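The chain below stands alone and is given in structure tokens; this is the form predicted alone.
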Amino acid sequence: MNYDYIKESAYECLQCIKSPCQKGCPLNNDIRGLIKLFREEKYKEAYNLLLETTILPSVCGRICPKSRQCEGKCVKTRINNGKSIEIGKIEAFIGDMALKNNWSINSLPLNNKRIAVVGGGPAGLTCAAFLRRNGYNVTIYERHDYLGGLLYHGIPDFRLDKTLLRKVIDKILELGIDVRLNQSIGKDFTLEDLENEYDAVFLGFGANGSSKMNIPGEDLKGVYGGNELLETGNHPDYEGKVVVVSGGGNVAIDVACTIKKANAKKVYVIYRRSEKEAPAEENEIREAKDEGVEFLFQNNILGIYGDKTVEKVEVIKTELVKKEGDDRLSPVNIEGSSYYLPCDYVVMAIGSHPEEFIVNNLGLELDKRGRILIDKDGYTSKEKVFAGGDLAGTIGTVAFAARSGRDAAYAIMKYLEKM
């Protein structure tokens, strides 16, 4: 990380009184204060300031879609040819300094309240950390033999170094958080078990199932879910193959780059809206193009065809139209514009959903998409059970997941104070 470049960028900060960058941050980090302390080389104070709102600065500073969040709101983008202050790099630099110098995270003495956190991803880790820092006994239950969730298996190494991630997680666990790995809800324990044993429960185990398009051919051999490929790492042999990835978010980009690096002949990313409207970070799309990934924007897959295995997809071009009541332009198929694209594999990366066999047996109220229904503070339909992250329909970025975990932690504390 180029310190001189980062510092030069920090000195360009206008220190706006209204701090639009802070409003653009899902975690509401005090970015103006962070940059001021950074410029004064008060790095430990800057770290402590970040800790008021986040526990993942080294991670979020690297992988957040900053151009759509904090940096996208920076006033400098309007007066500096679209170039903002390097907020993400500053945040990551401070987080890395804390790891390098082993700066401690302060916490209050333990009280007698016990909370179970199910899921060790960004929502669960953040919830656990904020609870423990405020004196609560916390136990994380994780179905894998590692913590991190999508940070670990959903983001490739070329975007987030796993050695760094382990250091971040170890720093959180140093607070004194108990961890029980290889423990799956619905298999090794039930929600009722946790309700009986703990004073409160936070569910943050994510939505790991890849959504389908409900088009012909999705059950053919050679059709995969992007989330599952990234989580399990059980990829087919892509050598010399043509692969189509459906979607325009970070999962689509990550899986496309992973496949291209595995020597696929061609990788197409097909997204029904324009490049400007793609949910993925701009620089991620640009880097994918540099890797050789080909993008077909304003195209939509109508069907997948082949004799038992994938042979081709039918694709149709789209136009974007404004529909009454919608803020976002809607893609509409252009009649007569369909064509066939030969391919060997198709990867669905259009979204995710919770695993039905788990959420349907929790006894909690669900929304129409099968996600756990919560209020603004993370309360579920059961008194002592809270939820957050993708499992509860939170916007699908790490920062928003972490925000939901943090907000739930404060809601849990408020709930337990009344007990």
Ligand SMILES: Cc1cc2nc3c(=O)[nH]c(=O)nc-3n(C[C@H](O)[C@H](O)[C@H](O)COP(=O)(O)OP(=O)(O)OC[C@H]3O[C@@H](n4cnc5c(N)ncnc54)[C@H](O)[C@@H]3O)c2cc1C
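Numbering starts at 1 and follows the sequence shown. In this text, all values refer to a predicted model and were calculated from it rather than measured experimentally.
One more form of this protein, predicted together with the ligand, exists but is not displayed; see below.
- Picking from 384-392, 43-51, 362-370, 27-35 the stretch near the ligand in the predicted complex, with a 4.5 Å limit on heavy atoms, gives 384-392.
- Looking at the ligand in the predicted complex, residues Pro65, Ile185 and Ile358 each place a heavy atom within 4.5 Å of it.
- The ligand in the predicted complex comes within 4.5 Å of a heavy atom belonging to Thr397.
- Although the partner is absent from this view, Ser246 stays clear of the ligand in the predicted complex, with no non-hydrogen atom inside 4.5 angstroms.
- Residue contact check for Lys261: none of its heavy atoms lie within 4.5 Å of the ligand in the predicted complex.
- Mapping the unseen interface onto this chain, Asn208 counts among the residues with a heavy atom inside 4.5 Å of the ligand in the predicted complex.
- This chain is displayed alone, yet in the predicted complex one of Val269, Ile90, Val118, Val138 has a heavy atom within 4.5 Å of the ligand; that residue is Val118.
- In this stretch, 265-290, the one residue having a heavy atom within 4.5 Å of the ligand in the predicted complex is Glu284; the partner itself is omitted from this view.
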